[in-house]
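So this first bit is one chain, no partners, the form predicted on its own, shown in structure tokens.
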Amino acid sequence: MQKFSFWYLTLLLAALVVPACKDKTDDELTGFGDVEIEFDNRAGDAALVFGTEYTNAAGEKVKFSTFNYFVSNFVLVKEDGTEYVVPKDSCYFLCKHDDLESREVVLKNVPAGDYTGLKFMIGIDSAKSVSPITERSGVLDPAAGANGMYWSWNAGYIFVKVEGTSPQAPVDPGTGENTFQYHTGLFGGYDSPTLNNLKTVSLETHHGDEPAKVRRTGGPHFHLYVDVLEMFSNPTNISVASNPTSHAGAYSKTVADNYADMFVLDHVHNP
């Protein structure tokens, strides 16, 4: 009888423990968590430091003084291909190299799950670009957050702004310095067609690595490298001597095609 009671008690405890473990696991995969994305600006293999001299793909010496870019329309992809599309009004960000806080992006209330891919857009999509000004606040407000990143004469956002100096660039009569300047925008046009320089970035966690785990207790931290020198190469080498300035002209497509792959996922920290 005593032996029977012992085994009965053991089975009872096992029945209680197993569901408890299962409930804990299931509970972690419910609810929502935040996803952090760090944009770590680089110049080739080195950290980007304004005023420091680097060499571009054309062999020219360049120093940077401005590196700003809009990222938007974030999507998280699971291993089975299903996607979570972040609500549009929650995923427009302006990253500025001289503002570290702006390069620490948080996607809030992402459904719990395991994600193996991250997608986003470089620039501001056409729908938001032509929406009423009352629907564009924060970093999208041309008079405030987007100040300096908006063409009032062209009614459009500057997706990527890169400025600096180079001995190979021509002298700017206004400043007396050898400057280069690349302000790239254009979403395809509103009243009439234009170039469409919107670019979509698709990144995957490295082969064999754990997926990015979103749990109700916390979420992952994506660490991205953003290489400003990539804008000067692949598929076309850009020379500041030959093309020191690009705004809304035809050459902006060359610039945009180059910076389309300047984002690289270095690693993911899970909670």
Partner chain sequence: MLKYSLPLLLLLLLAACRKDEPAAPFSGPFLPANFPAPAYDLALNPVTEDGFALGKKLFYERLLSRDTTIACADCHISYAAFSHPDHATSHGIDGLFGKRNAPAVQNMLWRTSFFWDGGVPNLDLVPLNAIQSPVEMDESPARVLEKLRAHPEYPAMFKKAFGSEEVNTARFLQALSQFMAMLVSANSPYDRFVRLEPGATLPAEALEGRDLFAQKCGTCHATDQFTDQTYRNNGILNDFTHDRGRNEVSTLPDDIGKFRVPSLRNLTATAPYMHNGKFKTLEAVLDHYAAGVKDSPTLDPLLRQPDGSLGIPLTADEKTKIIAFLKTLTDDDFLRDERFAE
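All values reported here derive from a predicted model rather than from experimental measurement. Numbering follows the first chain given and starts at 1.
Heads up, the form predicted together with the partner chain isn't pictured, but that's what we're talking about next.
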property: Contact residue in the predicted bound form, from S90, N109, N154, T175 (heavy atom within 4.5 Å of the partner chain); result: N154
property: Heavy atom within 4.5 Å of the partner chain in the predicted bound form - the one residue of N73, T194, T116, Q181 that qualifies; result: T194
property: Contact of D141 with the partner chain in the predicted bound form (heavy atom, 4.5 Å); result: yes
property: Heavy atom of R136 within 4.5 Å of the partner chain in the predicted bound form; result: yes
property: 4.5 Å heavy atom contact, T200 to the partner chain in the predicted bound form; result: no
property: Any non-hydrogen atom of Y150 within 4.5 angstroms of the partner chain in the predicted bound form; result: yes
property: Within 4.5 Å of the partner chain in the predicted bound form, all of L186, Y190 and A248 (non-hydrogen atom); result: yes
property: Partner-proximal stretch of 142-150, 91-99, 116-124, 75-83 relative to the partner chain in the predicted bound form, 4.5 angstroms, heavy atom; result: 142-150
